[in-house]
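Shown next as structure tokens: one chain only, the form predicted on its own.
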Amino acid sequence: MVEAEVRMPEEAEVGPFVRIHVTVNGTPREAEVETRTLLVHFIREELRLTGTHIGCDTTNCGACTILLDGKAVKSCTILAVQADGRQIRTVEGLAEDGKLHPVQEGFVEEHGLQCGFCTPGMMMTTVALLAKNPNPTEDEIRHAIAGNLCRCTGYVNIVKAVQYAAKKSQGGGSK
């Protein structure tokens, strides 16, 4: 019996690479990425911004939600090369000068998280919602976060957190 030689591909044979330029949380970045690299993997592995979570890789859970040019998108559905020349905002870019963003504050104050796995995606979805609709109704909030799954809560406190952030963003006090 003759054994067939099994040859593993060299790393350089995996695929073509492209240099991309993005602005992440206000900071210009550039990197060489394999053309098949998903944006979520680029953010986590290349940029080391691990607040963007990988949950399902099928767009169902929303844990990977970021803002791309101000729009909430699931970064597991976009190739890193598609973000070339664009603005990316992750949960790490919400706080400014050591002060929590109203959305982050809302999730803390209203106990809008338990395990915290879905929280970054929920927060980024909320930021996009409030940019578009600064005073959403409960139904509008529930519709907006429908693409983000939380396996720990019944969403009641998440909705309260969004309402808190909306009020706070409009100059209202807490609770």
Partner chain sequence: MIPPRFEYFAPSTLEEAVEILGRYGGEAKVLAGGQSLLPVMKLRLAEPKALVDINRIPNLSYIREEAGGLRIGSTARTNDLNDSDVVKRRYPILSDAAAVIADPLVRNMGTVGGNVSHGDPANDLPACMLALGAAFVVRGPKGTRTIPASSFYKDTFVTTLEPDEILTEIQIPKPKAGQGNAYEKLEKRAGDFPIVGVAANLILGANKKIESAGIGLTAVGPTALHAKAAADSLVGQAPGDAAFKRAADLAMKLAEPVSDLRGPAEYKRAMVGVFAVRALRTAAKRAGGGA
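Residue numbers count along the first chain shown, from 1. In this text, all values refer to a predicted model and were calculated from it rather than measured experimentally.
Beyond what is shown, the protein has a form predicted in complex with the partner chain; the following relates to that form.
Q: Would the partner chain in the predicted bound form be within 4.5 angstroms of a non-hydrogen atom of every residue among Thr23, Ala131 and Ser169?
A: Verified in the predicted bound form; spot residues all out of contact, no.
Q: Is the gap between Cys76 and the partner chain in the predicted bound form 4.5 Å or less for some heavy atom pair?
A: Yes - in the predicted bound form, heavy atoms of Cys76 and the partner chain come within 4.5 Å of each other.
Q: Is there any non-hydrogen atom of Gln82 lying within 4.5 Å of the partner chain in the predicted bound form?
A: Yes, Gln82 lies within 4.5 Å of the partner chain in the predicted bound form.
Q: Can Ile88 be called a contact residue for the partner chain in the predicted bound form at 4.5 Å between heavy atoms?
A: Ile88: no, not in contact with the partner chain in the predicted bound form.
Q: Taking any heavy atom pair closer than or equal to 4.5 Å as contact, tell me whether Thr59 reaches the partner chain in the predicted bound form.
A: Yes, contact at 4.5 Å.
Q: In sequence order, which positions of 128 to 149 have a non-hydrogen atom within 4.5 Å of the partner chain in the predicted bound form?
A: Read in sequence order, the residues that approach the partner chain (within 4.5 Å, in the predicted bound form) are Lys132, His143, Ala144, Ala146, Gly147, Asn148, Leu149.
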